[in-house]
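Just one chain follows, in the form predicted alone, and it is written as structure tokens.
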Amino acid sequence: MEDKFIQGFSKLSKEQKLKIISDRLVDDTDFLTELNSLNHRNPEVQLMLEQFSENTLGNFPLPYGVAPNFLINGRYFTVPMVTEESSVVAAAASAARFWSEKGGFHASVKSTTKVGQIHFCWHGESAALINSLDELKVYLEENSRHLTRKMTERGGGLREIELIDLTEFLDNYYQLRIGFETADSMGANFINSVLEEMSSLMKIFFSRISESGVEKEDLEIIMSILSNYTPDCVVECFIEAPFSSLSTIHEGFSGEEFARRFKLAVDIASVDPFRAVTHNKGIFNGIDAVVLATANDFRAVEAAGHAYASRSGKYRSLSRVELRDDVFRMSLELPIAVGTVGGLTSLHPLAKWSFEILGKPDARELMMIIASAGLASNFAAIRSLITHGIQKGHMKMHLGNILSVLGASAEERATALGYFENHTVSYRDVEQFLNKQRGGQ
């Protein structure tokens, strides 16, 4: 991707937008063809898509768009987004443009360790289990190397094995909590394969040390599976600017007043779970859209994020605002486990092009891009809420949907879009407007 600001992107025609994106690709061969082929008329593509799931009847299309002008750590990105919700892409693009003039988004990855668990019951003496732990760790590591070798060569692999005693909550229940690095892959299949192998190895290990008073019946493996809660695979992102640079956002507020009201709105989401859920949903509007566009697992990312929001014992906002020395600073920290290789990331045709559009980021870079999209969406939503309200912008974007439902012609649509530039949008108002245009039908 060419690293520069795109002027007036939203006002261009679809063809002009496509040309700008394709011209910026290192290799735009087949991009437009691929974009247009994801339908029932291409049997090869259709066969590939149907292999992603079962009992397929067809495709369920969602809009594939881009939010340009994300300045992240000094580089411009055009960010692919897949979403059905009106205004998500527009809001993210608007926030990206606003902050591009103020230093952009600053992101960093704090850690990338993912977690797997072997859940088991121990029916013997707890001391026998604890005393054999060090030897067990060595045994598991050495005898699973045939599965971890390639990942280790890529900079990943096994990191730590920890025994967790949960007998306080469930009789005889323990788990091995195992940390993994998975390089540029999300790593679910890798982690699960290693865990299942280690489960078998545990049975062998304890059957061989029966002379120490441990019986093989003492171990009962319940299940082995990765955890989608990844509190050690965390990215953080922030935006900041002096109060004076916020004075143009809303004519009713000075920059300082805007910053004060903005902070209060975010603080409310830190003390009230009812508000926090909607607040964090707004963050995931941006996050999910990019995760989907790159064929990653948005359900896992959401689940981890909401668990992280509850880590204090109360569900809270994932973002926060600080006001210090006349400077507004908004930050976001959350776990995001994604990959840039493996899974559907290289199989889905448009996911492949999403990575091309992003400049082929590695997993850490993708984490930072996704977090920036989430922070942009959050900023845009709060900005609207504390100024003119959320419905004004949302319903403007929803106008096209209402016109479609009401069967507006191309001429009626053009007239309505012009009229509602300066009028409130609601289904009733649009219906009445069309009736008037149609002579009161």
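Don't overthink the numbering: it's just position in the shown sequence, from 1. All values reported here derive from a predicted model rather than from experimental measurement.
FYI, the form predicted together with a small molecule isn't displayed, but the following is about it.
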| query | finding |
| --- | --- |
| Among 308-316, 275-283, 71-79, 234-242, the region lying within 4.5 Å of the small molecule in the predicted complex by heavy atom distance | 275-283 |
| Contact residue in the predicted complex, chosen from 408, 381, 66, 399 - any heavy atom within 4.5 Å of the small molecule | 381 |
| Among the candidates 85, 197, 141, 356, the residue which, in the predicted complex, approaches the small molecule to within 4.5 Å (heavy atoms) | 85 |
| The small molecule contact at residue 385 in the predicted complex, heavy atom, 4.5 Å | yes |
